[in-house]
Ligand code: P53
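Only one chain is shown below, in structure tokens, and it's the form predicted alone.
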Amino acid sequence: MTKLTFPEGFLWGGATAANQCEGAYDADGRGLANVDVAPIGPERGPVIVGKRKMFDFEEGYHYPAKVGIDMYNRYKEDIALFGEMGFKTYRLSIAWTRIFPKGDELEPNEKGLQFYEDLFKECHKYGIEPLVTITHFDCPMHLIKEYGGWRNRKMLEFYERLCRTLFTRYKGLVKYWLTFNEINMILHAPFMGAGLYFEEGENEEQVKYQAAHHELVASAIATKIAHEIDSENKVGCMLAAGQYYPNTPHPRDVWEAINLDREGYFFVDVQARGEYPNYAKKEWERKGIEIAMEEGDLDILKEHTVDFISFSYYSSRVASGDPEVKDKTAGNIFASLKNPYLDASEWGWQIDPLGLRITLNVIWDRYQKPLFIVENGLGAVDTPDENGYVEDDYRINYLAEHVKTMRDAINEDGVELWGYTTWGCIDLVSAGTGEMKKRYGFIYVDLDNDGKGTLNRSKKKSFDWYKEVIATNGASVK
């Protein structure tokens, strides 16, 4: 019989990103970042993939990151609510431009450092362990304008300075770190993922993989420094995950699924195993991609692999080697072919709880390193009553089914899983679309797509449901 509980010390919690919730984009010396200048509306897609040059705010556009949900000024209220739910951990990210407003300064901004110190102390007040993403799509605009973002090797120096500053200042306050959020996003949304804007006629694949090399070396350097500064530090990588299924048993569909999976696992192969896989080297050879590396790069990748692997999971994907098959899912940066056996969310994301167990097993089998699910959730339109209460049984059902398959992966398959943080534990701005109406949270925030609303917080039905899940260590989910 399946055990209903999770391992003792399992880290239940929720996740947010600075650029989607903090707001206060110019407060206390904070500089402008790439994530600030992505507007809501049809231009957002071209901006985040590096095809539409928008290096500053332009007239006639609404930029939701300017205000977010104003967590910069309300974090105490929000963390108190997380504490009430019983969070064991809270995954959040650092806004790089709060610490180094331009990115290339020699000295950090004290007000930015103090803000996060206060926030981490607030977490500890409620027994919440911070899980900190160093870079959740943030890249200072100055570094993009001056150096071209992560295509430039100079970024390693700036990132190393940021990491050293954070690990030193927050020693004893933070022990779980992630180097780059969804590092494979560099291939799909390169401006958002790495500050890459492409000029006419540029070899985009070459630029993306060169930038990827810089981020991978930077991640290894960060891991090295973290362990040197505090032996208690645990450093993880972070992948946008979701297994590809072949569309049919046709061998070419199976082969296409393998190749598409490799696109993402390539990054973790380097971060967890410490070397570039042969399939990637062969692919670069075929495409004429030449990665500029310096002496010592491969050594540092080999010697400083991550302690654990974290990932986001929202849906599985479907692959076909037949170019005539084109019926794709809607609304996701990782749009794939539709799976006729699955239901979909209001944004066209296919709902596949068993896919989470499959993904957990594939990653565990591949790397044999502890895993951490740091994003999972259902984006939906919530309709609150006059008190801001939302009857979100659809969200509860979605999360419950995913918790069950996660539990099966641990108890029946032997997967080592450290924790689970649901995405957008409080409503926040969507990274993909910039919308507020696409809500994930246990806590409703009164704000609409146009930035109108009181910003008042109120508990949804799922708030008390998740509180019970945490209190019973998962046993309440039958």
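Position 1 is the first residue in the sequence shown; the rest follow in order. Remember, it's a predicted structure, so these values are computed and weren't measured experimentally.
Missing here is the form predicted in complex with this ligand; even so, the following discussion is about that form.
Does this ligand, in the model of the complex, lie within 4.5 angstroms of each residue among Phe137, Met192 and Ala240, using heavy atoms as the measure?
Yes, all three are in contact.
Residue contact check: Asp352 to this ligand in the model of the complex, 4.5 Å heavy atom:
No, Asp352 stays farther than 4.5 Å from this ligand in the model of the complex.
Is Pro39 part of the interface with this ligand in the model of the complex - any heavy atom within 4.5 Å?
Pro39 lies outside the contact set for this ligand.
Can you work out whether Ile94 and this ligand are in contact in the model of the complex, taking contact to mean some heavy atom pair no more than 4.5 Å apart?
Ile94: no, not in contact with this ligand in the model of the complex.
Is it the case that Val35, even though its partner is missing from this view, gets within 4.5 Å of this ligand in the model of the complex, heavy atoms only?
No, Val35 stays farther than 4.5 Å from this ligand in the model of the complex.
Heavy atom within 4.5 Å of this ligand in the model of the complex - residue from Ala212, Leu162, Met185, Leu178
Comparing distances to this ligand in the model of the complex, the residue within 4.5 Å is Met185.
Can you work out which of Phe334, Tyr147, Tyr245, Trp284 has a heavy atom no more than 4.5 Å from this ligand in the model of the complex?
For this set of options, the contacting one is Phe334.
Any idea which of 422-430, 49-57, 406-414, 444-452 reaches within 4.5 Å of this ligand in the model of the complex, heavy atoms considered?
Result of the contact check: 422-430.
For the stretch 359-388, return the residues whose heavy atoms include at least one within 4.5 Å of this ligand in the model of the complex, in the order they occur.
Contacts from 359-388: just Glu375.
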